[in-house]
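What follows is a single chain, given as structure tokens, in the form predicted alone.
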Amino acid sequence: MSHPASNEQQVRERIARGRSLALVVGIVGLAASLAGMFGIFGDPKLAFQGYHFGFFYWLLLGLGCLGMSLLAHATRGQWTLPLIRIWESGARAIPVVMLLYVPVLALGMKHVYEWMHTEHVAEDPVLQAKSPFFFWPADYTGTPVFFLVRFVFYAAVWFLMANFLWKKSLQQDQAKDPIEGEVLSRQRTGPASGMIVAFMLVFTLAMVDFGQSLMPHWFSTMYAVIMVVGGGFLALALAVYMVLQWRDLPPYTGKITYMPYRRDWGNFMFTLTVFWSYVSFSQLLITYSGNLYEFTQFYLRRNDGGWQYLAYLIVIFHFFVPFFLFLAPRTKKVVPQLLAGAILVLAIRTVDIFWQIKPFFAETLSISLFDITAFVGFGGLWFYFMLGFLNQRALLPQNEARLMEVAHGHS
């Protein structure tokens, strides 16, 4: 492990305080959720469903960090250098989220997944035809062996990818000089590019299992694309928010105020705003054109019962407002304005993921106590481990020639 530079002490003290708070919040939130699952108070069904929402959100954020890490290592974009340690640390926290989902796998799958109800499957030929995807080699009356095997497979693949990037970048930190560091950096581009393909394949399967299968009659070829763009957007906004908050402290002093970084971050957030809007509208357009119940039921559930009001918020604050905000050159020049844009993205991404998941369980708009406790519980533990990993390394890549190109003090 590399030794933290002494001039990073102020940021590291903030990280340590953040970890302590995150641990307390995480334990309290998860304890409340577990109490609901065991029927100590509230409805266990709501507790398990809220727990699934928390799991899905923080898994998506972790996967967004992993995807952005792979993109950064594959493209070697200079704009990623102040952000990459946050992404690498967030990716390494994915196994924690997966492990915390075990109570659902052990006790609550019937409260979350319709295809776990034997009586429903017995009366539904479509679910019977799909049951091998979850239960193979047994039938729908047994344990969902294939689903559980895939769950372990996902966790293993994501852990190996995140660990590979962590170790390779650590080698660069420990290099003798920037020349050796440059060679090691370039050696990561090939493996990272190949892993992007594997990442997308595994990510797509995971989104089918944890998202689409909540409404097992529903089909969508765009769902995984929407989720991967949204996860990357969430990870980018979080990293930008964190480094902008630390912009006046070493080692970020003079680097975050470097105008090309902020311009690139704002431009990429604009790009993801447009791309997310494009793929989301594409799913809606394909569904509208097909006009088949297997496709339309997703929107029929979300166009009524109060869910439509969240849809209006998403259209306004996930497309129109960030479109013009990140398009404006002023946003990239004025740090508080770019920071406000990152906060907006974090907030509306939370609303969007809630709108994506909760209507699978509820026909009318509702927020249960367990939605909140699971969200903060998973989030607290995720931040505790993510910040812990972040504190183990130099906050900026070491022996990195591209960081030396930054014109310090210029904005």
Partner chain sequence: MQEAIKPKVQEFPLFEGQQTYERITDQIARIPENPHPPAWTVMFGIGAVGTLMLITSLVWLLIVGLGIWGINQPVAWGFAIINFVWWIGIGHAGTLISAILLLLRQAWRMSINRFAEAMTIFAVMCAGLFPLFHTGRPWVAYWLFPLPNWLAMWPQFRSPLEWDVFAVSTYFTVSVLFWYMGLIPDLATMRDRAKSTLAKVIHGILSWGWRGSAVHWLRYEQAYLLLAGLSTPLVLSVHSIVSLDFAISIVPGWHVTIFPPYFVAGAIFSGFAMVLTLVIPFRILYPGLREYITMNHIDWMAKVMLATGWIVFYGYLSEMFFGWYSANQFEQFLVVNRFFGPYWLAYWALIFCNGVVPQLLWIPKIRHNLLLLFIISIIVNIGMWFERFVIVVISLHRDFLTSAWGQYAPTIWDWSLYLGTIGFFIMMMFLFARFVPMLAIAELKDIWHRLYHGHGGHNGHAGKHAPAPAPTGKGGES
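These numbers come from a predicted model, not from an experiment. Positions refer to the first chain, counted from 1.
The discussion below concerns the form predicted together with the partner chain, not included here.
Proximity to the partner chain in the predicted complex, defined as a heavy atom within 4.5 Å, holds among 316, 107, 334, 200 only for 200. Proximity to the partner chain in the predicted complex, defined as a heavy atom within 4.5 Å, singles out one entry of 290, 250, 95, 142, which is 290. Heavy atoms of residue 255 reach within 4.5 Å of the partner chain in the predicted complex, making it an interface residue. At the 4.5 Å threshold, heavy atoms of residue 137 stay clear of the partner chain in the predicted complex, well away from it. The partner chain in the predicted complex is not approached by residue 101, whose heavy atoms all lie more than 4.5 angstroms from it. Remark: residue 174 does not count among the residues lining the partner chain in the predicted complex, judged by a heavy atom distance of 4.5 Å or less.
Contact annotation: the partner chain lies within 4.5 Å of heavy atoms from the stretch 183-191 in the predicted complex, the single such stretch among 87-95, 336-344, 183-191, 300-308.
Residues 76, 205 and 260 are all found to lie within 4.5 Å of the partner chain in the predicted complex, as judged by heavy atom distances.
In sequence order, 278, 279, 282, 283, 285, 286, 287, 289, 290, 292, 294, 295 are the residues of 271-298 having a heavy atom within 4.5 Å of the partner chain in the predicted complex; the partner itself is omitted from this view.
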